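Below, in structure tokens: the form predicted alone, a single chain.
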């Protein structure tokens, strides 16, 4: 069940959203769409002026302000769910219902990706409605991670590489299993400090040899 918009603690601090809501959201939307269309590519996210409550990062906040609304239930990992300020920020600026079960979520925001729950916990969509699957946003990502994976598939000329972290130890094995379900399966967005990289379920993953 989602949490109603008006259930916001009276004492929860509330920080501002986009300085220029229309143009900032448009720029962020283009970055997300470009990232999904070109898996593995780095796209700049407009988050200038955003100071969301921690542990929500500016890049993740920009994505949330751009993509979430009253019809997009969102799941928060434990650190985000524990913050009344984060929940108040998301409810006020997006109206998105916050759900407690990952399978009910259209989007998931993850502030502690090293302890991400199994990807199979999220909504995988169905053969008839694959678009009902969850999009998972991993925050605090470092794209200089030593271990990289090879990407092939739609939107990629020949091959691309992606190095991201922190992630769980068996994360890439889970992604491979997820993407084998295509057209079902979740989509992933890796959010760094100012850049994002997307990994749609149509992408094929090859793990590099150690």
Partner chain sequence: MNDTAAIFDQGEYNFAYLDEQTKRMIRRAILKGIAIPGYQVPFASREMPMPYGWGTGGVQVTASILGKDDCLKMIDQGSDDTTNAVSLRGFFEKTAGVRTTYETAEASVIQTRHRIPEKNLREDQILVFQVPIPEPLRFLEPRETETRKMHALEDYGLMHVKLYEDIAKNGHIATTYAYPVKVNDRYVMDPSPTPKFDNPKIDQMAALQLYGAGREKRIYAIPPYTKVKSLDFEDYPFEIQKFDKPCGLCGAEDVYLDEVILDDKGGRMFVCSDSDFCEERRAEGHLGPMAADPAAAHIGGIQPEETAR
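What you are looking at is a predicted structure, and each value in this text was computed from that prediction instead of being measured. Residue numbers count along the first chain shown, from 1.
What follows is about the form predicted in complex with its partner chain, which we do not show.
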{"item": "4.5 Å heavy atom contact, residue 69 and its partner chain in the model of the complex", "value": "yes"}
{"item": "Interface membership of residue 30, its partner chain in the model of the complex, 4.5 Å heavy atom rule", "value": "yes"}
{"item": "Residue 161, heavy atom within 4.5 angstroms of its partner chain in the model of the complex", "value": "no"}
{"item": "Proximity of residue 133 to its partner chain in the model of the complex, heavy atoms at 4.5 Å", "value": "yes"}
{"item": "53, 150 and 172 each touching its partner chain in the model of the complex (heavy atom, 4.5 Å)", "value": "no"}
{"item": "One stretch from 37-45, 53-61, 137-145, 162-170 that, in the model of the complex, holds residues within 4.5 Å of its partner chain by heavy atom", "value": "37-45"}
{"item": "Stretch 150-175 - residues with a heavy atom within 4.5 Å of its partner chain in the model of the complex", "value": "153, 154, 155, 156, 157"}
